[in-house]
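Presented below, as C-alpha cells, is a lone chain in the form predicted alone.
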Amino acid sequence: MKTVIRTILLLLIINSLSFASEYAIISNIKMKELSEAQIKAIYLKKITVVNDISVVPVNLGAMDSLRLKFENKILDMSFERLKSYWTKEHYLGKRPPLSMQSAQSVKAFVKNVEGAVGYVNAEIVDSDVKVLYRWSE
C-alpha cells in the first residue's frame, strides 16, 4: 500500500512539474541581459537609462494574470502595494509603465521600440526579440 501511495505522489509531482509555466522578460535585440534587481528598478522607474538607451517598461493590463505573477515574483509587490507606490510617485512627477492589452501587443511594441522592455509567456518568444531574463512558477 505504501508503494502505491508513493507512486501516486511521485506521478502527481512529475505531472505538476511538466505543467510549470515559463515567462520571459523581453526587449529589442540591442539590449543587454539584465538582472532581476535591474528589471525591478526599471519597472519602478528608478532606472531610466541602460547603456545609453532610454528604457520603456511595458505592462500587461491591470488584472492580467501574468501581470499579477510578474508583480509578485519580480517586483515583489502586491497589486495594492504597487498601486500605493504609483500614487505616491505620481505626486513626484513619475508615471507608471505603459500598459498593453495582450502579450502579442507587448511583443510587437518591444520588437519595434528601442529600449522597450516587457514580459510575456516564454512560448511566444522568437528571434524577433531578446530574452533578458526568465522565470517560472
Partner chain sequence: MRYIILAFIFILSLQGDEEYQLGKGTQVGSLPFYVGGYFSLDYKHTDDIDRYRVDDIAILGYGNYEKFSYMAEFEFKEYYVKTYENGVKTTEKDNKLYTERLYLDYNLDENYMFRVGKYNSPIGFWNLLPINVLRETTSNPITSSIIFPKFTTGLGSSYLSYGEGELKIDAILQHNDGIDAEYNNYKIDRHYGFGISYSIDDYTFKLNSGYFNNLTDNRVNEDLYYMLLSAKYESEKYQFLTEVGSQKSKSQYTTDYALYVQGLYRFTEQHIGVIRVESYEQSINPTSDDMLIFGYTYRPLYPIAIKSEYQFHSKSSQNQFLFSFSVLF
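Quick caveat: nothing in here was measured; it's all calculated off a predicted structure. Residue numbers count along the first chain shown, from 1.
Although it is not shown, the form predicted together with the partner chain is what the next lines describe.
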**Request:** Let me know the one among Ser84, Ser65, Asn112, Gln101 whose heavy atoms come within 4.5 Å of the partner chain in the predicted complex, would you?
**Result:** Ser84
**Request:** Using the partner position in the predicted complex, report whether Val50 sits within 4.5 Å of the partner chain, counting heavy atoms only.
**Result:** yes
**Prompt:** So, in the predicted complex, is Ile29 in contact with the partner chain at a 4.5 angstroms heavy atom limit?
**Reply:** no
**Request:** Give a yes or no for Gln38: in the predicted complex, does one of its heavy atoms lie within 4.5 Å of a heavy atom belonging to the partner chain?
**Result:** yes
**Request:** Using a 4.5 Å heavy atom cut-off, state whether Lys94 contacts the partner chain in the predicted complex.
**Result:** yes
**Prompt:** Would Lys46, Met77 and Lys88 all count as contacting the partner chain in the predicted complex, using a 4.5 Å heavy atom cut-off?
**Reply:** yes
**Request:** At a 4.5 angstroms cut-off on non-hydrogen atoms, which residues of 56-71 are near the partner chain in the predicted complex? List them in order.
**Result:** none
